[in-house]
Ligand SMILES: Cc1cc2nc3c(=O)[nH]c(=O)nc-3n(C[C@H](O)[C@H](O)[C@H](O)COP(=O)(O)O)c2cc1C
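Presented as structure tokens, the chain that follows is alone, the form predicted on its own.
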């Protein structure tokens, strides 16, 4: 069989992901796995439609497609995202229809599920026969048991193709409502808001007032008596997407630093704002590839929360309510940055008055929360994610992300359980005690009341 591997790594063949593909090829020489470096060549594919058509021809003539990519900021790299957009923009969906397909991703398992969910949905939208995914740690190939699992993954794919097995569809097609949002004038009871000295910044990929997003942005601006700055990310000189070179890991200096305006945009504009509003159109199952490029390029900060203590709002045009995966990504972004997500407003309500009211309420809350310093407690989205990076940076990736290590060490990120002296004393006292059956019965009979005693002391003395 002929298997086309659409390589999503900007590094081309010199990527960890492609080593997994090459290993599969060695183990299954009876099949041809042809690697096409679509992410690395994205600029050429955008400018030269004939080159793009050559890729599509290879897809048409194949028995199966493997989408192989490294994980970049909860999704595929922006270059890969742009390739996926081109498929639809150039009306080449038919080349993918009914093709058996699978996903192979490499990462350290930080939000790998959101990237795989995205690709699964893209395959479903293209009406492909999605067999499954294999999410590998970068170095799983070095572990015998992991290699065996990779072989089984490949065998399952090949077996499914050869036997024409039916596949399930996980994601239904998106239903887009035709609706023109027409913002109204502020009602008398809605007074124009003062920013109270807080710097409010809107970042967007479109300000065109012929479309809903541009009108939503205009409505948000009109909620304030102060001038609100807008930055269109297409107006920023960005030479390209993240290259995955990791040179920034040493000192947080991007290899592009003196070649474009991105570092200045992020470090000067975003980091100096108190309130950030990200506005974007949904393109397929995510934002635009331009927005993805912005998120990817912000990786020069490593895993340091450079936007901490900010208030976030999102203005979105598109069917967010049908894309739970994207909503989870959006909710995760501010939380991981130690900021506060106030709300997400979309045009899905198909009711201009309702959207007007929601946008005004968002504007008011953003200023109120910024003044009070309110921040919702962390959830698993950041607690779990931060622990993955904490352990990785403390251990095997410290020499790569030295800037992260310095920051983590200085700010107490290395809060490992074995450093908890109170927990140590508790364990030393109660573990031996509960080995005795009689003592264990007494212990559990009073546990419920004893557990809340420290909390009750605070409740009983709320002003202390």
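Just so it is clear, the model here is predicted, and its values are computed rather than measured. Numbering follows the first chain given and starts at 1.
Below, we refer to the form predicted together with this ligand, which is not included among the displayed structures.
- In the predicted bound form, every residue of the candidate spot (15, 296 and 299) has a heavy atom lying within 4.5 Å of this ligand.
- At the 4.5 Å threshold, heavy atoms of residue 161 stay clear of this ligand in the predicted bound form, well away from it.
- Using a 4.5 angstroms threshold between heavy atoms, residue 138 counts as touching this ligand in the predicted bound form.
- Contact annotation: residue 312 falls outside 4.5 Å of this ligand in the predicted bound form, judged by heavy atom distances.
- Of the heavy atoms in residue 181, none are within 4.5 Å of this ligand in the predicted bound form.
- Only one of 244-252, 339-347, 162-170, 365-373 places residue heavy atoms within 4.5 angstroms of this ligand in the predicted bound form, namely 244-252.
- Contact with this ligand in the predicted bound form, judged by any heavy atom within 4.5 Å, is made by just one of 72, 100, 220, 287: 72.
- Checking 209, 109, 146, 269 against this ligand in the predicted bound form, a heavy atom within 4.5 Å turns up for just one residue: 109.
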